[in-house]
Ligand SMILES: NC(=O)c1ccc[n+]([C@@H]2O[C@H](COP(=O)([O-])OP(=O)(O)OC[C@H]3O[C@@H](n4cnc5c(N)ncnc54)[C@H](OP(=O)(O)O)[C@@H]3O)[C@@H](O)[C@H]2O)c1
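Form predicted alone, single chain, as structure tokens, below.
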């Protein structure tokens, strides 16, 4: 019997690659629901090809002959797996809706755990739902922790490519264009995550995500710059050994593992050959990536501060991409915004109020 898949964010980078795998393993999967955003032209093509029973979109006027339901209602339909790949804070409500409907989740929306990690993970436990990581780094940690006893883990190390501005002189940052920032040197992703790679906000988010996914304290999780993007994560054991998960930078590998619940498949992705390759690792510099440290400090403060950091960086990131502010202002304005936040308990009411204050 085919596994029934609901795909949230079908027109984005993760969504499109998920559908590539559904095509490749057409005898294994059936798309029963699709949700897309502003790229309604592509969504129409996907609907024509996969003929889902349920459709959600924020452009319903473009689908006059289709029955359109809300994103939350779509995520609540019975299926075998919901792929949560909507970018940004908008991904949290449908992710929670999927869990509350007892649907397993392949999670590509890191903001769900940044904003409401305890709520999401406690809900998954309450409803007996499995959450499979889709981010390459968390998929790597997942694979490594399957082989290493938890009590033997000293620390988890995530890797970061460093983004498009990794080697750009700092003096040029005030004049950097959005087009330059969106030219990622390694990965092909959507604009938000590509921008977050340039600021390294995404790596701070991923540390928070890893802490919730694997129930490890933030202090035991760190990150390094690894320009080649072959090593996706490392785990250091208590005896000093260091274990790494390595592959070419392709999202098809972690997506495939999530779709198949951890089972490995014969894959069409090219294999990594290390002969003649160099592996380089660098520290994360505070003057180049101030938003990384600001976001991580907010995460350590807890309460609504992780949600505030995520919402603020997304808000000011959009302003940069629209040409309204300079690149360095993303970090500066986020930090200033956090200075004005008053601590509150991290319940959904306070989280959504905090997020909405940046709209």
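Quick caveat, the model's predicted, so the values are computed rather than measured. Positions refer to the first chain, counted from 1.
Below, we refer to the form predicted together with the ligand, which is not included among the displayed structures.
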Q) Counting only non-hydrogen atoms and a 4.5 angstroms cut-off, does residue 124 reach the ligand in the predicted complex? A) no
Q) Quick one: does residue 176 come within 4.5 Å of the ligand in the predicted complex, counting heavy atoms only? A) no
Q) Taking heavy atoms only, is residue 159 within 4.5 angstroms of the ligand in the predicted complex? A) no
Q. Is residue 13 close enough to touch the ligand in the predicted complex, meaning at least one heavy atom pair within 4.5 Å?
A. yes
**Q.** Candidate spot 37, 88 and 108, all three touching the ligand in the predicted complex (heavy atom, 4.5 Å)
**A.** yes
Q) Which one, 165, 193, 235, 221, lies within 4.5 Å of the ligand in the predicted complex by heavy atoms? A) 193
Q: Would you kindly say which of 181, 189, 225, 213 lies with a heavy atom within 4.5 Å of the ligand in the predicted complex?
A: 189
Q. Which one, 274-282, 146-154, 79-87, 113-121, holds residues whose non-hydrogen atoms are within 4.5 Å of the ligand in the predicted complex?
A. 79-87
Q | Residues from 272-294 in contact with the ligand (non-hydrogen atom within 4.5 Å) in the predicted complex | A | none
